[in-house]
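As structure tokens, one chain now follows by itself in the form predicted on its own.
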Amino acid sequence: MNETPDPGPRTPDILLSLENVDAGYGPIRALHGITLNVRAGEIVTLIGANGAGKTTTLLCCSGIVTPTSGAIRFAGQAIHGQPAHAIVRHGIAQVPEGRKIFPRLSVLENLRLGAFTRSDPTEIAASIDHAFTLFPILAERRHQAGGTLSGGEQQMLAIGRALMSKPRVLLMDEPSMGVAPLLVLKIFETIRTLNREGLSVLLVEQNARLALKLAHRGYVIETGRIVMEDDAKRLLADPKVQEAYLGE
């Protein structure tokens, strides 16, 4: 596989935006004035050290964590403060860190649960077929319990489940974690394919080099604050980013 894919063209329309977002857990403040955006048709990556606030940023976008101040908008409409199921209906879906599939349910049942916002059985069946086309191994394991899959297969299932809601923006939290290297490449190829089909992606990924090679743009977060923003290729070539996150 080409490890440095060209993500292709993108449009300037902003789909998802965070404006001066603060958030935390009880007395602990995790985010300090986060501002970022994801445009239609692009992949944006958020890189930073463990504990920098990457996951909290995604959880704010998906409605699991409520910001204490600031605004989150989707297609121009304010969504901060709305419950997670309402945000899914807007067109945002998350692939969570650690996958969090339903281990006792089959692959097929996990996928069907991802379509809880939809009602047309024909369209739902078509989305299941699309997931099986993206990840043929899931088709082979459709009646197998999710908890018996390998780490990489579970990650594929988590992505397929998120796609079942037909999102416009996909939030991805550490998709390579606990996944064999060959399957990591397959998953990243799939992200590129989905983006070329029109899906926008906000990606948090421990492998910063791979994330920046895949993305159009990137943000660097440190202790809950965005400290850098640039074209992904320029961030990849930046000596400070290389030293801090790329091991150079």
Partner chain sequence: MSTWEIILQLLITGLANGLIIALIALGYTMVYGIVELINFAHGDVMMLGCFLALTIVGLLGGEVAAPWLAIGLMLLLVPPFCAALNWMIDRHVYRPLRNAPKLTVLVSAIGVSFVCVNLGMFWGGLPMEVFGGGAQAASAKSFPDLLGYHNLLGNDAVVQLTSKEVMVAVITVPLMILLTWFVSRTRLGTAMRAVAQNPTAAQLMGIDTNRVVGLTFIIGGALAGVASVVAALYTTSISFQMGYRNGLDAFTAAVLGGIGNLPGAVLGALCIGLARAVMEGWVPNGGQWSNTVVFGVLILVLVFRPTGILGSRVREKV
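Here the structure is a predicted model, which means the values were calculated and not measured. Positions refer to the first chain, counted from 1.
Just so you know, the form predicted together with the partner chain exists too; it's not on screen, but the next bit is about it.
Relative to the partner chain in the predicted bound form, residues F132, R141 and T190 are all farther than 4.5 Å at every heavy atom. With the partner omitted here, the residue from I128, V169, V88, L149 that has a non-hydrogen atom within 4.5 angstroms of the partner chain in the predicted bound form is V88. Proximity to the partner chain in the predicted bound form, taken as a non-hydrogen atom within 4.5 angstroms, holds for one residue of P136, G98, G81, G76, which is G98. Taking the partner from elsewhere, P121 is found to have every heavy atom lying beyond 4.5 Å of the partner chain in the predicted bound form. For the chain shown alone, G178 is not a contact residue for the partner chain in the predicted bound form, no non-hydrogen atom being within 4.5 angstroms. Proximity of L105 to the partner chain in the predicted bound form falls within the 4.5 Å heavy atom cutoff. I64 belongs to the set of residues with a heavy atom inside 4.5 Å of the partner chain in the predicted bound form.
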